[in-house]
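Next comes just one chain, in structure tokens: the form predicted alone.
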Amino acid sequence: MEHKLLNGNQAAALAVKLARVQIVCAYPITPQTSLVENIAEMWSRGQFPGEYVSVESEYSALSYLIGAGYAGARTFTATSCQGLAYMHELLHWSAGARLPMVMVNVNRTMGAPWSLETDQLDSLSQRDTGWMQFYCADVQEIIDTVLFAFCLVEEAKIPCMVSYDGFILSHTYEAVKLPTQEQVDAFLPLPPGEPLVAPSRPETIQPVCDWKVMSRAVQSRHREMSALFPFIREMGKRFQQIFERPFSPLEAVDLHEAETVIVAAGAVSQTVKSVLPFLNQNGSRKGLLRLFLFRPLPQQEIAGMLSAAGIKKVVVIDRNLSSGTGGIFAQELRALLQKSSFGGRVYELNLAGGVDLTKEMLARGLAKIENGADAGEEEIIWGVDL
């Protein structure tokens, strides 16, 4: 296994090549641009065996891939912020059609005003479209998750979005273990190549239907996605056997002793993990629960971990904001913990708009919570004010 220094976008591009993707169609947008440029460069040199198709917009890119998916091709696209928002209508169509598509979204703040900082609202705004969602924490995880996603979508027939922080991961170099083509082929079978439609069997695709048919279709998608967690666990075990590193939809650090648990997703969780020893000086007991898989949300597993007897506070770090309510991850945690035996309180440290979390900021935010100086009834601590 080769060790290589890659940034997040390079890692994603190499994963697409290793996955033997047949059709890539994408429109460049910062900070995703170098990802599709890397694929286009490999294609121009004859190093990428699939087709790279340039189009005039993100809407066209996903439209093209929906057609390619119906034809049975293994497909890929990538985007960010406003580009993902532009695709919104087609995210519903591709999920409803049960097309096995993989997309990378490089998280960036939504306008207005205009910003290049990292914020997860772009992908979280699409949480109800029927796509699975992963949030990567480092560059190694980007390459692993893209490969994992292709195997998952072709089994589940549900599209998947792999998200990671713009610039923080997309343009930062880290040492990664690059899998061999033989390892990838052992994990991910060759593209099935079975078209969903063919001239030999004419049919109407996605016809207008009555409420009963539509309701059954929505119900089926919900139940099948909700039931995927055990299957994802089993796939993770197979991934570890082949690639010799773990792949788990949840990560827990020092939870067994914790009184306060910090919940985070994406690269910010690496910051939390690195400063836990600093936070736990003087007898403090804090742990980390990282949300890696967000859709489907492993509700029972999360509730079980956070309902342990010693846990009194949950502090959710949100790089997003649902205006008028609060951070989206905090909303989800409060909702699922209501159905559990958790007897503590859920607080929120909100970094919306691209606030960079530092060790000192996290310590000040936690101290504010510990000292009872909440941010009012909403229990939101704003990172920009710390």
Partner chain sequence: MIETPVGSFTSEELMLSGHNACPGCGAALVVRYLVKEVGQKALIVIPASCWSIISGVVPLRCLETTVLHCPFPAAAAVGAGLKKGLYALGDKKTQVIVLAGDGGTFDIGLQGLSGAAERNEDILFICYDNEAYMNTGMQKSSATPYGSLSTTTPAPRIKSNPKKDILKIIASHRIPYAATATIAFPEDMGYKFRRAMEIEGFRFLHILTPCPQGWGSPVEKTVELSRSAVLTGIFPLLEVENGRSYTLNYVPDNFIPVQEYLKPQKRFSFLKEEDLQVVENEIASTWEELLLQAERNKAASES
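From a predicted model like this one, the values you see are computed outputs, not experimental measurements. Positions refer to the first chain, counted from 1.
Keep in mind that the form predicted together with the partner chain is not shown, yet the notes after this line are about it.
When the partner chain is considered in the model of the complex, only one residue from 167, 229, 243, 86 comes within 4.5 Å through any heavy atom, namely 86.
For the options 198, 217, 186, 250, the one in contact with the partner chain in the model of the complex, meaning a heavy atom within 4.5 Å, is 198.
None of 316 to 324, 30 to 38, 46 to 54, 344 to 352 except one has non-hydrogen atoms within 4.5 angstroms of the partner chain in the model of the complex; the exception is 46 to 54. Among heavy atoms of residue 204, some come within 4.5 Å of the partner chain in the model of the complex. Taking non-hydrogen atoms only, residue 23 approaches the partner chain to within 4.5 angstroms in the model of the complex.
Though the partner is left out of this view, residue 68 does reach within 4.5 Å of the partner chain in the model of the complex, counting heavy atoms only. Under a 4.5 angstroms non-hydrogen atom cutoff, the partner chain in the model of the complex lacks residue 308 among its neighbouring residues.
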